[in-house]
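Take a look at this single chain in C-alpha cells; it is the form predicted on its own.
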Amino acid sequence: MREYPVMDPSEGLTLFYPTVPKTAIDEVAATLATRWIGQGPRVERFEQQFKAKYLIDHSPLAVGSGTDALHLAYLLAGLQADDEVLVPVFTCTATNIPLLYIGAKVNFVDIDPQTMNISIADLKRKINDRTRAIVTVDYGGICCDYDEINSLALKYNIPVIQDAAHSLGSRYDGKIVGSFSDFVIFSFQAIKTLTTGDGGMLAIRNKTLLPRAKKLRWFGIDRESKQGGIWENDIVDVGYKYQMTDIAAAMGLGGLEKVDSNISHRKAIFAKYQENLKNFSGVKVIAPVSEKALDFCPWLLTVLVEGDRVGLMDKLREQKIESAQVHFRNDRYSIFGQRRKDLPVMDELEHRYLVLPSHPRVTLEQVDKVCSVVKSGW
C-alpha cells in the first residue's frame, strides 16, 4: 500500500477533525481555576450526566481511555489466562490487545459482508463450550445483531462485551446503545463523536461489580474510604491507573451540551453520501441492513470500491481529499500470532474498503464534491 502523508486542514479536506465546542473550552478553563485537575468532582458529574443521557440500568465508570474500559470489562467479566474469547477480526487493535494482557486465547470471527460487523454465521460456527465471552464492535456506528448475539450468549451462559467506541448515539431495536449488553465501553478519544481529548466510559449492567471496578481503576485502592480518612485499607486486587481527570471530564460535560447537533450533522452527511452514490456502481456505501439498526450515528463513512482502491485514493488526493482504511484486520499483526485462514469475507474485502471524510466540519457541499470526484472515475 502506498504511503500517504497526513493532510493539513489548510491544504484540503481531512479525514478527521476533533469536535471541541466552546462549551467544552469554557468548562476546561473553569476547571483549571479550581483545586481539582486530576480525578475530582467533575468526573463524578460527567458520569452521572452521561448516565442520564445514554444509560438506563447500567452503572457508569469514567476512565482514561476506551482501551482502559475494555481491559476493566474483561477483568470484571472474569476472563483469565487461556480462556477462549470470540472477537471480531476487523476492529481497532485496542479491542483485542487487553485480552493479550490477560493471556486469553483470541478466536477471531469473520465479518458480515454488508456491515463489516461481526458475522453471526461465523460466530455460530465458532462458539463452543470453551468460549468464555463474546466481544462485539459496532463498526462505523452500525449496531451488531444483538438479538442473535445475546441469544447465543444466554445459551452458553457467557457475557457480551460491547465495544461501542464508534456507536455513541446509535440505537438497536429502539434501545439506546449502552442498554443491551453486560458490559459496554465508549471511547472519547480525540476524533470520536464526543471527545475528552482522550478518555472512555465503562457501562456495567451488574451494579455489584461497581465497587471493584472503582478499585481497579485506581491502583486497587478504595479511594473513597481513603479520602474519608481511612488509611489502613488493604489492596487485594492488582489495580491500574485508569482514572479520568477532571480536565477531561470538563471537556465531556461541555461536549454533552452539543453532542446532539454533532450527531445530527453526521447523520446528514451520511444521508448525503448515500443519495449521491446510490446509483453509482463503482462504490457501495456500508450501511445498516437490519431495520433494528437503521437509527444510528455514523462515525465513519466507509465504501467498498470496485477495482483499484489505490487508484481512487490517488484521485482523491489529487483533489486534496484525504481517505484511508483506518482499521485493519487484527490477525495481520505479529502479536496475535499469524494470519488466519478461516476468514473468507475478510479476505475478500480487505483490499476494497475505504473511509471518506465524515465529521462535523465537513459541509454537505463538500460531500457533493467528494462524490463528484468519486463518480468521475479513476
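What you are looking at is a predicted structure, and each value in this text was computed from that prediction instead of being measured. Sequential numbering from 1, following the sequence displayed.
Below, we refer to the form predicted together with a small molecule, which is not included among the displayed structures.
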Residue stretch of 32-40, 349-357, 63-71, 314-322 approaching the small molecule in the model of the complex, non-hydrogen atom distance within 4.5 Å: 63-71
Contacting member of 249, 89, 134, 165, with respect to the small molecule in the model of the complex [4.5 Å, heavy atom]: 165
The single option of 119, 245, 115, 95 touching the small molecule in the model of the complex, heavy atom within 4.5 Å: 95
Heavy atom distance at most 4.5 Å to the small molecule in the model of the complex, all of 189, 192 and 327: yes
4.5 Å heavy atom contact, residue 199 and the small molecule in the model of the complex: yes
